[in-house]
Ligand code: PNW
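Encoded as C-alpha coordinates, the following chain is the form predicted on its own, with no partner shown.
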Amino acid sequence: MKHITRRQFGKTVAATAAVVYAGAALPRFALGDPEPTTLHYPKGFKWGCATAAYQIEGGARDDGRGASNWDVFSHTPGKTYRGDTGDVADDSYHLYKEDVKLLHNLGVSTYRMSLSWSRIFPNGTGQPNAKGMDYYQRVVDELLANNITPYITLFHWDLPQALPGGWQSRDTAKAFADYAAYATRRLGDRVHHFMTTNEFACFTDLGYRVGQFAPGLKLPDKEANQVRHHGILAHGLAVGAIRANTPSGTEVGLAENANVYVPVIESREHIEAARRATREGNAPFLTALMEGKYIDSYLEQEGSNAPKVEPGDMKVIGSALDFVGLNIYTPQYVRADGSAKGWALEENPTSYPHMASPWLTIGPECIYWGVRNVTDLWKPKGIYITENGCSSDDVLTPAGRVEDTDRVMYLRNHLTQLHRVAVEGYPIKGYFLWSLLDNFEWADGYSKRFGIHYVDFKTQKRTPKLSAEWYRDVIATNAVE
(Lines give C-alpha, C1' and ligand atoms only; values in the text may rest on other atoms or scores of the structure.)
Protein backbone atom coordinates (compact mmCIF):
# COMPACT_ATOMS: atom_id res chain seq x y z
CA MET A 1 0.00 0.00 0.00
CA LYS A 2 1.28 3.40 -0.92
CA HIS A 3 2.24 5.53 2.08
CA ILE A 4 -0.16 8.45 2.55
CA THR A 5 0.89 11.52 4.51
CA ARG A 6 -1.50 13.26 6.91
CA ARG A 7 -1.78 16.15 4.47
CA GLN A 8 -2.71 13.81 1.58
CA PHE A 9 -5.17 12.00 3.83
CA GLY A 10 -6.80 15.30 4.70
CA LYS A 11 -7.15 16.22 1.03
CA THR A 12 -8.72 12.84 0.30
CA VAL A 13 -11.24 13.22 3.12
CA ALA A 14 -12.08 16.75 2.02
CA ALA A 15 -12.61 15.67 -1.57
CA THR A 16 -14.87 12.79 -0.51
CA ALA A 17 -16.90 15.11 1.71
CA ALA A 18 -17.31 17.58 -1.14
CA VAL A 19 -18.81 14.84 -3.34
CA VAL A 20 -21.14 13.56 -0.64
CA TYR A 21 -22.49 16.98 0.28
CA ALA A 22 -22.33 18.64 -3.12
CA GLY A 23 -26.07 18.73 -3.51
CA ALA A 24 -26.93 19.51 0.08
CA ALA A 25 -28.22 22.87 1.23
CA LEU A 26 -25.16 23.93 3.18
CA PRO A 27 -24.16 27.36 4.47
CA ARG A 28 -21.72 29.17 2.19
CA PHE A 29 -18.87 28.79 4.65
CA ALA A 30 -19.23 24.98 4.46
CA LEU A 31 -18.77 25.13 0.69
CA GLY A 32 -15.51 27.05 1.00
CA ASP A 33 -16.95 30.50 0.25
CA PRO A 34 -16.86 32.21 3.65
CA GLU A 35 -18.19 35.64 4.35
CA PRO A 36 -15.73 37.42 6.66
CA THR A 37 -17.02 38.36 10.06
CA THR A 38 -16.70 42.12 10.45
CA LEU A 39 -16.62 43.49 13.98
CA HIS A 40 -17.67 47.13 13.90
CA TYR A 41 -16.68 49.47 16.70
CA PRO A 42 -19.01 52.16 18.05
CA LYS A 43 -19.27 55.37 16.09
CA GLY A 44 -16.76 57.90 17.34
CA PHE A 45 -14.32 55.32 18.70
CA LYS A 46 -10.88 56.93 18.83
CA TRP A 47 -7.95 55.24 17.11
CA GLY A 48 -4.41 56.39 17.74
CA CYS A 49 -0.75 55.59 18.28
CA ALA A 50 1.49 56.19 21.27
CA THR A 51 5.12 57.16 21.83
CA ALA A 52 7.28 58.53 24.66
CA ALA A 53 9.68 61.47 24.62
CA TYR A 54 12.93 59.78 25.62
CA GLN A 55 12.25 56.85 23.32
CA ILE A 56 11.85 58.87 20.11
CA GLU A 57 12.99 62.49 20.45
CA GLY A 58 16.76 62.41 20.59
CA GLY A 59 18.12 65.96 20.69
CA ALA A 60 19.37 65.12 24.14
CA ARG A 61 21.53 68.24 24.41
CA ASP A 62 19.64 70.53 22.04
CA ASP A 63 18.14 73.89 22.92
CA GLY A 64 18.81 73.88 26.64
CA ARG A 65 17.45 70.45 27.56
CA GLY A 66 18.78 69.23 30.92
CA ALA A 67 19.97 65.71 31.63
CA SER A 68 17.43 63.12 32.76
CA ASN A 69 18.01 60.06 34.90
CA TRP A 70 17.77 57.97 31.73
CA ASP A 71 20.55 59.97 30.09
CA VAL A 72 22.78 59.09 33.01
CA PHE A 73 21.60 55.49 33.31
CA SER A 74 21.93 54.68 29.61
CA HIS A 75 25.46 56.09 29.57
CA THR A 76 26.45 53.89 32.51
CA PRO A 77 28.29 50.81 31.19
CA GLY A 78 26.32 47.58 31.42
CA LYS A 79 22.92 49.12 32.02
CA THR A 80 21.45 48.90 28.51
CA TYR A 81 21.81 46.54 25.57
CA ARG A 82 25.19 47.20 23.96
CA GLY A 83 25.32 50.55 25.71
CA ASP A 84 22.48 51.97 23.61
CA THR A 85 21.22 55.44 24.60
CA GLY A 86 18.41 57.80 23.69
CA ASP A 87 20.80 60.56 22.57
CA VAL A 88 19.46 60.37 19.01
CA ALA A 89 16.75 57.68 19.11
CA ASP A 90 14.38 58.42 16.18
CA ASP A 91 15.50 62.06 16.02
CA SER A 92 11.85 63.06 16.26
CA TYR A 93 12.99 66.33 17.83
CA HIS A 94 14.01 67.33 14.31
CA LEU A 95 11.76 64.99 12.29
CA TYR A 96 8.46 65.51 14.11
CA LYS A 97 6.74 66.79 10.95
CA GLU A 98 7.63 63.57 9.18
CA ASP A 99 6.24 61.58 12.09
CA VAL A 100 3.01 63.55 12.10
CA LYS A 101 2.75 62.75 8.39
CA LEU A 102 3.00 59.05 9.25
CA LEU A 103 0.13 59.50 11.67
CA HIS A 104 -1.88 61.36 9.05
CA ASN A 105 -1.28 58.59 6.52
CA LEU A 106 -2.60 56.04 9.00
CA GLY A 107 -5.78 58.07 9.43
CA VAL A 108 -5.59 58.22 13.23
CA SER A 109 -7.70 60.75 15.08
CA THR A 110 -5.52 60.81 18.20
CA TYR A 111 -1.88 60.66 19.24
CA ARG A 112 -0.54 59.93 22.69
CA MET A 113 2.84 61.57 23.31
CA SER A 114 4.82 62.55 26.37
CA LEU A 115 6.74 65.65 27.37
CA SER A 116 10.33 65.61 28.53
CA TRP A 117 10.26 67.24 31.96
CA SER A 118 13.97 68.10 31.69
CA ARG A 119 13.44 69.74 28.28
CA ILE A 120 11.00 72.16 29.89
CA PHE A 121 12.69 72.47 33.31
CA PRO A 122 16.35 71.52 32.84
CA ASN A 123 16.85 71.40 36.60
CA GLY A 124 13.44 69.97 37.40
CA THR A 125 12.38 73.21 39.08
CA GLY A 126 13.15 76.90 38.81
CA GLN A 127 13.39 78.74 35.52
CA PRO A 128 11.61 77.06 32.58
CA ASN A 129 13.38 76.61 29.26
CA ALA A 130 11.44 78.58 26.64
CA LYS A 131 12.93 76.67 23.70
CA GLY A 132 11.84 73.36 25.19
CA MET A 133 8.27 74.53 25.64
CA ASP A 134 8.28 76.04 22.15
CA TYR A 135 9.14 72.64 20.70
CA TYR A 136 6.02 71.07 22.18
CA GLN A 137 3.94 74.01 21.01
CA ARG A 138 5.14 73.30 17.47
CA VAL A 139 4.36 69.59 17.75
CA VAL A 140 0.85 70.31 19.01
CA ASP A 141 0.28 72.83 16.21
CA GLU A 142 1.41 70.29 13.62
CA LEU A 143 -0.92 67.63 15.03
CA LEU A 144 -3.90 69.95 15.07
CA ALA A 145 -3.14 71.10 11.53
CA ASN A 146 -3.52 67.44 10.53
CA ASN A 147 -6.77 66.98 12.49
CA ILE A 148 -5.07 64.79 15.08
CA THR A 149 -6.03 65.28 18.73
CA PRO A 150 -3.06 65.22 21.14
CA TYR A 151 -3.28 63.25 24.38
CA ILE A 152 -0.30 64.31 26.45
CA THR A 153 1.45 62.33 29.19
CA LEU A 154 3.47 64.54 31.52
CA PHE A 155 5.86 61.91 32.85
CA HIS A 156 7.03 58.80 31.04
CA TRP A 157 10.01 57.85 33.26
CA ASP A 158 12.59 60.50 32.25
CA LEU A 159 13.12 62.37 35.51
CA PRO A 160 15.35 65.46 35.61
CA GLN A 161 18.68 64.26 36.99
CA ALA A 162 19.15 67.50 38.93
CA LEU A 163 16.30 66.77 41.36
CA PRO A 164 17.93 65.79 44.68
CA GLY A 165 17.06 62.24 45.68
CA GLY A 166 14.83 61.54 42.69
CA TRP A 167 11.65 59.73 43.70
CA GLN A 168 13.12 59.00 47.11
CA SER A 169 12.33 62.60 47.96
CA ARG A 170 8.83 63.82 48.71
CA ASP A 171 9.87 67.15 47.22
CA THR A 172 9.97 65.53 43.79
CA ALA A 173 6.21 65.00 43.95
CA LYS A 174 5.77 68.71 44.66
CA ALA A 175 8.16 69.66 41.85
CA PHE A 176 6.15 67.47 39.49
CA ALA A 177 2.96 69.34 40.37
CA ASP A 178 4.66 72.67 39.62
CA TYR A 179 5.90 71.34 36.28
CA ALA A 180 2.41 69.98 35.50
CA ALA A 181 0.85 73.36 36.28
CA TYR A 182 3.25 75.22 33.98
CA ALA A 183 3.12 72.80 31.04
CA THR A 184 -0.65 72.39 31.01
CA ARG A 185 -1.21 76.12 31.43
CA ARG A 186 0.89 76.72 28.32
CA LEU A 187 -0.79 73.95 26.29
CA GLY A 188 -4.28 73.87 27.74
CA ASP A 189 -5.79 76.25 25.21
CA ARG A 190 -5.38 73.56 22.53
CA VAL A 191 -4.78 70.29 24.40
CA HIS A 192 -7.78 68.96 26.29
CA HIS A 193 -6.60 65.51 27.43
CA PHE A 194 -3.73 65.06 29.87
CA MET A 195 -2.26 62.04 31.60
CA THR A 196 -0.17 62.58 34.69
CA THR A 197 2.18 59.58 34.80
CA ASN A 198 2.94 56.39 32.92
CA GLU A 199 3.29 53.01 34.64
CA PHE A 200 4.11 53.49 38.30
CA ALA A 201 5.79 50.11 38.77
CA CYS A 202 8.29 50.80 36.02
CA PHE A 203 9.69 54.04 37.42
CA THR A 204 9.37 53.00 41.07
CA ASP A 205 9.84 49.24 41.46
CA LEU A 206 12.05 48.65 38.42
CA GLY A 207 14.04 51.79 39.12
CA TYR A 208 14.40 51.67 42.90
CA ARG A 209 13.66 48.09 43.99
CA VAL A 210 14.90 45.88 41.12
CA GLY A 211 17.49 48.19 39.59
CA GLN A 212 16.65 47.28 35.99
CA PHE A 213 15.63 50.83 35.06
CA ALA A 214 16.94 54.27 35.96
CA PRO A 215 18.30 55.14 38.44
CA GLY A 216 19.27 51.48 38.92
CA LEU A 217 18.90 51.23 42.71
CA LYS A 218 18.01 48.20 44.83
CA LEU A 219 16.50 49.69 47.95
CA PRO A 220 15.12 47.73 50.91
CA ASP A 221 11.36 47.26 50.97
CA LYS A 222 10.56 50.12 53.33
CA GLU A 223 12.42 52.68 51.23
CA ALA A 224 11.07 51.25 47.98
CA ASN A 225 7.51 51.46 49.30
CA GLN A 226 8.09 55.11 50.13
CA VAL A 227 9.21 55.69 46.55
CA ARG A 228 5.95 54.11 45.42
CA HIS A 229 4.04 56.49 47.66
CA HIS A 230 5.84 59.53 46.31
CA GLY A 231 5.00 58.39 42.78
CA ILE A 232 1.26 58.18 43.36
CA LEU A 233 1.33 61.36 45.44
CA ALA A 234 2.91 63.14 42.46
CA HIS A 235 0.02 61.91 40.33
CA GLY A 236 -2.57 63.22 42.79
CA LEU A 237 -0.90 66.60 43.17
CA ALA A 238 -0.65 66.90 39.40
CA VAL A 239 -4.37 66.21 38.95
CA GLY A 240 -5.14 69.25 41.09
CA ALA A 241 -2.50 71.35 39.32
CA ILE A 242 -3.87 70.50 35.88
CA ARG A 243 -7.44 71.28 36.86
CA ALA A 244 -6.37 74.63 38.33
CA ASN A 245 -4.47 75.66 35.22
CA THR A 246 -6.61 74.51 32.29
CA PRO A 247 -10.05 75.45 31.01
CA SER A 248 -13.18 73.76 32.24
CA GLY A 249 -13.81 70.53 30.36
CA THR A 250 -10.16 69.47 30.22
CA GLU A 251 -10.00 65.73 30.85
CA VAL A 252 -7.42 64.32 33.26
CA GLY A 253 -6.35 60.73 33.72
CA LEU A 254 -3.24 58.55 33.79
CA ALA A 255 -1.70 55.63 31.94
CA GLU A 256 -1.17 52.60 34.13
CA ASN A 257 0.14 49.10 33.42
CA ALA A 258 -2.08 47.48 36.01
CA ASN A 259 -1.56 43.75 36.48
CA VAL A 260 -4.21 42.09 34.34
CA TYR A 261 -5.73 39.02 35.96
CA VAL A 262 -7.65 36.71 33.67
CA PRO A 263 -9.90 33.90 34.94
CA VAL A 264 -8.35 30.63 33.84
CA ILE A 265 -11.90 29.45 33.06
CA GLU A 266 -14.78 31.87 32.56
CA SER A 267 -16.91 30.47 35.36
CA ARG A 268 -18.39 32.43 38.23
CA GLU A 269 -15.86 31.43 40.88
CA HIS A 270 -12.82 32.07 38.67
CA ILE A 271 -14.22 35.41 37.46
CA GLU A 272 -14.68 36.50 41.06
CA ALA A 273 -11.15 35.33 41.87
CA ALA A 274 -9.74 37.44 39.01
CA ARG A 275 -11.66 40.47 40.25
CA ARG A 276 -10.30 40.05 43.77
CA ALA A 277 -6.82 39.56 42.38
CA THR A 278 -7.14 42.80 40.40
CA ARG A 279 -7.90 44.77 43.54
CA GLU A 280 -5.25 43.16 45.72
CA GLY A 281 -2.57 42.74 43.06
CA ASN A 282 -2.68 46.44 42.19
CA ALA A 283 -2.94 47.64 45.79
CA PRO A 284 0.03 50.07 45.90
CA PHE A 285 -0.91 51.86 42.70
CA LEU A 286 -4.23 51.78 40.83
CA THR A 287 -6.25 50.48 43.76
CA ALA A 288 -4.90 53.23 46.02
CA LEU A 289 -5.79 55.86 43.41
CA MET A 290 -9.28 54.59 42.73
CA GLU A 291 -10.19 54.04 46.39
CA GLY A 292 -8.18 56.83 48.03
CA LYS A 293 -6.59 54.43 50.50
CA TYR A 294 -4.17 51.59 50.94
CA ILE A 295 -6.30 48.50 51.42
CA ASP A 296 -5.89 46.43 54.57
CA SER A 297 -4.36 43.40 52.86
CA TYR A 298 -1.55 45.55 51.43
CA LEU A 299 -0.80 47.21 54.77
CA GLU A 300 -0.83 43.83 56.52
CA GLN A 301 1.44 42.34 53.87
CA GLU A 302 4.00 45.14 54.16
CA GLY A 303 3.77 45.50 57.94
CA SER A 304 6.50 47.76 59.27
CA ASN A 305 7.65 48.39 55.68
CA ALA A 306 4.40 50.15 54.77
CA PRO A 307 4.90 53.70 53.44
CA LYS A 308 4.67 56.74 55.67
CA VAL A 309 1.50 58.63 54.79
CA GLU A 310 1.09 62.25 55.82
CA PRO A 311 -2.33 63.75 56.61
CA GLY A 312 -4.28 64.55 53.45
CA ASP A 313 -2.11 62.40 51.18
CA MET A 314 -4.72 59.79 50.38
CA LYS A 315 -7.41 62.35 49.62
CA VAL A 316 -5.06 63.94 47.09
CA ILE A 317 -4.04 60.57 45.67
CA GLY A 318 -7.70 59.63 45.25
CA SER A 319 -8.55 62.76 43.25
CA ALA A 320 -11.40 62.10 40.82
CA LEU A 321 -10.34 61.21 37.27
CA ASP A 322 -12.09 61.73 33.96
CA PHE A 323 -10.65 58.53 32.51
CA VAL A 324 -8.31 55.66 33.27
CA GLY A 325 -5.71 54.68 30.71
CA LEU A 326 -4.65 51.03 30.71
CA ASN A 327 -1.44 49.77 29.11
CA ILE A 328 -2.23 46.13 28.37
CA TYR A 329 0.06 43.58 26.79
CA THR A 330 -0.15 40.22 28.51
CA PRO A 331 -2.25 38.24 31.03
CA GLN A 332 -1.75 36.61 34.38
CA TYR A 333 -4.12 33.70 34.78
CA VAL A 334 -5.95 33.24 38.06
CA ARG A 335 -7.97 30.43 39.56
CA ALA A 336 -10.18 30.34 42.61
CA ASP A 337 -8.81 28.34 45.53
CA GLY A 338 -9.54 27.59 49.17
CA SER A 339 -6.98 29.98 50.64
CA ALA A 340 -7.87 32.95 52.80
CA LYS A 341 -7.49 35.36 49.88
CA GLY A 342 -9.49 33.07 47.59
CA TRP A 343 -7.27 33.13 44.52
CA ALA A 344 -3.98 31.87 43.18
CA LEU A 345 -1.85 32.56 40.12
CA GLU A 346 -1.48 29.89 37.47
CA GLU A 347 2.08 29.36 36.29
CA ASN A 348 2.52 29.22 32.52
CA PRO A 349 4.11 26.06 31.14
CA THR A 350 7.45 26.41 29.38
CA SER A 351 5.67 25.88 26.06
CA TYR A 352 3.49 28.98 26.51
CA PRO A 353 3.82 31.21 23.41
CA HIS A 354 5.34 34.67 23.51
CA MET A 355 6.47 37.41 21.15
CA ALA A 356 10.08 38.50 20.53
CA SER A 357 10.26 39.80 24.10
CA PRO A 358 10.18 36.77 26.41
CA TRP A 359 7.97 38.55 28.94
CA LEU A 360 5.33 39.31 26.30
CA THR A 361 3.22 36.16 26.49
CA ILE A 362 0.24 35.93 24.17
CA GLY A 363 -3.22 36.02 25.72
CA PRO A 364 -5.52 38.41 23.83
CA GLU A 365 -8.35 37.99 26.31
CA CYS A 366 -6.29 40.12 28.70
CA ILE A 367 -7.53 43.27 27.01
CA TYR A 368 -11.13 42.27 27.70
CA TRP A 369 -10.56 41.33 31.31
CA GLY A 370 -8.32 44.31 31.97
CA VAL A 371 -11.14 46.68 31.08
CA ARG A 372 -13.89 44.57 32.63
CA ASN A 373 -12.20 44.07 36.00
CA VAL A 374 -11.34 47.75 36.39
CA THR A 375 -14.88 48.74 35.43
CA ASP A 376 -16.56 46.20 37.70
CA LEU A 377 -14.42 47.29 40.65
CA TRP A 378 -14.26 51.07 40.33
CA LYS A 379 -16.72 52.28 37.67
CA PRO A 380 -14.46 54.85 35.94
CA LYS A 381 -16.13 57.42 33.69
CA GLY A 382 -14.12 56.24 30.71
CA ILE A 383 -11.27 53.93 29.79
CA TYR A 384 -8.67 54.13 27.05
CA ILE A 385 -6.21 51.45 26.05
CA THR A 386 -3.22 53.78 26.23
CA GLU A 387 -0.76 51.11 25.07
CA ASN A 388 -1.06 47.75 23.35
CA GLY A 389 1.36 46.20 20.90
CA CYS A 390 4.25 43.80 20.66
CA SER A 391 7.86 43.24 19.73
CA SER A 392 8.77 41.28 16.62
CA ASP A 393 11.99 40.17 14.95
CA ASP A 394 11.36 42.56 12.09
CA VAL A 395 13.49 42.32 8.98
CA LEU A 396 13.55 44.80 6.12
CA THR A 397 13.49 42.75 2.92
CA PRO A 398 15.47 43.65 -0.23
CA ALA A 399 12.13 44.77 -1.67
CA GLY A 400 11.82 47.30 1.15
CA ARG A 401 9.02 45.58 3.06
CA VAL A 402 8.59 44.32 6.60
CA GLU A 403 6.21 41.35 6.70
CA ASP A 404 5.41 41.36 10.43
CA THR A 405 2.59 38.83 10.23
CA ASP A 406 3.10 37.93 13.90
CA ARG A 407 2.36 41.51 14.96
CA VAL A 408 -0.76 41.57 12.78
CA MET A 409 -1.85 38.33 14.45
CA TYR A 410 -1.24 39.81 17.90
CA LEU A 411 -3.09 43.04 17.15
CA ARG A 412 -6.03 41.39 15.37
CA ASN A 413 -6.68 39.05 18.26
CA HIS A 414 -6.43 41.80 20.88
CA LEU A 415 -8.72 44.12 18.95
CA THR A 416 -11.22 41.31 18.55
CA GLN A 417 -11.29 41.00 22.34
CA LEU A 418 -11.51 44.79 22.67
CA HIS A 419 -14.57 44.71 20.43
CA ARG A 420 -16.11 42.34 22.95
CA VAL A 421 -15.56 45.02 25.59
CA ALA A 422 -17.30 47.63 23.45
CA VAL A 423 -20.37 45.57 22.55
CA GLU A 424 -20.88 44.53 26.16
CA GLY A 425 -21.21 48.19 27.14
CA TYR A 426 -18.01 48.83 29.07
CA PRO A 427 -16.86 52.49 28.85
CA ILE A 428 -14.03 52.03 26.35
CA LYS A 429 -13.37 55.26 24.46
CA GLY A 430 -10.29 54.62 22.36
CA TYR A 431 -7.15 52.67 21.59
CA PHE A 432 -3.53 53.79 21.25
CA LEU A 433 -1.28 51.29 19.51
CA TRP A 434 2.25 50.99 20.85
CA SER A 435 4.07 52.14 18.91
CA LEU A 436 4.15 54.46 15.93
CA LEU A 437 7.89 53.85 15.47
CA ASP A 438 10.61 51.45 16.37
CA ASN A 439 12.43 53.27 19.15
CA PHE A 440 14.77 53.17 22.13
CA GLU A 441 13.29 50.35 24.18
CA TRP A 442 14.78 51.30 27.56
CA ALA A 443 17.16 48.66 28.95
CA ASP A 444 16.67 46.63 25.74
CA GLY A 445 18.09 49.52 23.73
CA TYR A 446 17.42 49.06 20.02
CA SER A 447 17.31 45.26 20.17
CA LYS A 448 13.51 45.09 20.34
CA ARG A 449 11.24 46.66 17.75
CA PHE A 450 7.67 47.59 18.75
CA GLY A 451 6.82 50.01 15.95
CA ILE A 452 4.47 49.66 13.02
CA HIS A 453 7.01 51.74 11.10
CA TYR A 454 10.48 50.30 10.67
CA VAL A 455 13.27 52.74 11.50
CA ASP A 456 16.77 52.46 10.09
CA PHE A 457 18.59 54.05 13.00
CA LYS A 458 21.60 54.91 10.83
CA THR A 459 19.65 56.86 8.21
CA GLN A 460 16.43 57.58 10.19
CA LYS A 461 14.38 56.35 7.23
CA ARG A 462 10.88 55.28 8.24
CA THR A 463 9.23 52.37 6.38
CA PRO A 464 5.60 51.30 6.99
CA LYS A 465 5.35 47.64 7.98
CA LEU A 466 2.58 45.22 7.04
CA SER A 467 1.05 46.03 10.43
CA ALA A 468 0.78 49.71 9.45
CA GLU A 469 -1.16 48.74 6.33
CA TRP A 470 -3.42 46.53 8.42
CA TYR A 471 -3.99 49.18 11.10
CA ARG A 472 -4.80 51.80 8.45
CA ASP A 473 -7.60 49.54 7.19
CA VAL A 474 -8.93 49.01 10.71
CA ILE A 475 -9.08 52.76 11.24
CA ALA A 476 -10.69 53.44 7.85
CA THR A 477 -13.47 50.92 8.43
CA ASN A 478 -13.72 51.35 12.22
CA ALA A 479 -13.81 47.57 12.30
CA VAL A 480 -11.77 44.39 12.62
CA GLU A 481 -12.19 41.42 10.33
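If you're wondering where the values come from, they're calculated on a predicted model, not measured in any experiment. From 1 onward, residues are counted along the sequence shown.
Just so it is clear, the following notes concern the form predicted together with 4-nitrophenyl beta-D-glucopyranoside (PNW), a form of the same protein that is not shown.
Where does 4-nitrophenyl beta-D-glucopyranoside (PNW) sit in the model of the complex: which of 194-202, 241-249, 140-148, 307-315, heavy atoms within 4.5 Å?
Selected stretch: 194-202.
Taking the shortest heavy atom distance, is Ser68 within 4.5 Å of 4-nitrophenyl beta-D-glucopyranoside (PNW) in the model of the complex?
Because no heavy atom of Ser68 falls inside 4.5 Å of 4-nitrophenyl beta-D-glucopyranoside (PNW) in the model of the complex, the answer is no.
Taking heavy atoms only, is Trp442 within 4.5 angstroms of 4-nitrophenyl beta-D-glucopyranoside (PNW) in the model of the complex?
Answer yes; at least one heavy atom of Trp442 falls within 4.5 Å of 4-nitrophenyl beta-D-glucopyranoside (PNW) in the model of the complex.
Taking heavy atoms and a 4.5 Å cut-off, does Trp359 contact 4-nitrophenyl beta-D-glucopyranoside (PNW) in the model of the complex?
It does: once 4-nitrophenyl beta-D-glucopyranoside (PNW) is placed as it appears in the model of the complex, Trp359 has a heavy atom within 4.5 Å of it.
Should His156 be counted as a contact of 4-nitrophenyl beta-D-glucopyranoside (PNW) in the model of the complex, where contact means heavy atoms within 4.5 Å?
Yes, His156 lies within 4.5 Å of 4-nitrophenyl beta-D-glucopyranoside (PNW) in the model of the complex.
Identify, from the list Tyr208, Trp369, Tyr329, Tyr384, the residue with a heavy atom within 4.5 Å of 4-nitrophenyl beta-D-glucopyranoside (PNW) in the model of the complex.
Result of the distance check: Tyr329.
Among the candidate residues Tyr426, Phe45, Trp434, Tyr446, which is the single one with a non-hydrogen atom no more than 4.5 Å from 4-nitrophenyl beta-D-glucopyranoside (PNW) in the model of the complex?
Contact check passes for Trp434.
Scan 36-72 and write down, in order along the chain, each residue with a heavy atom lying within 4.5 Å of 4-nitrophenyl beta-D-glucopyranoside (PNW) in the model of the complex.
Only a single residue, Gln55, comes within 4.5 Å of the partner.
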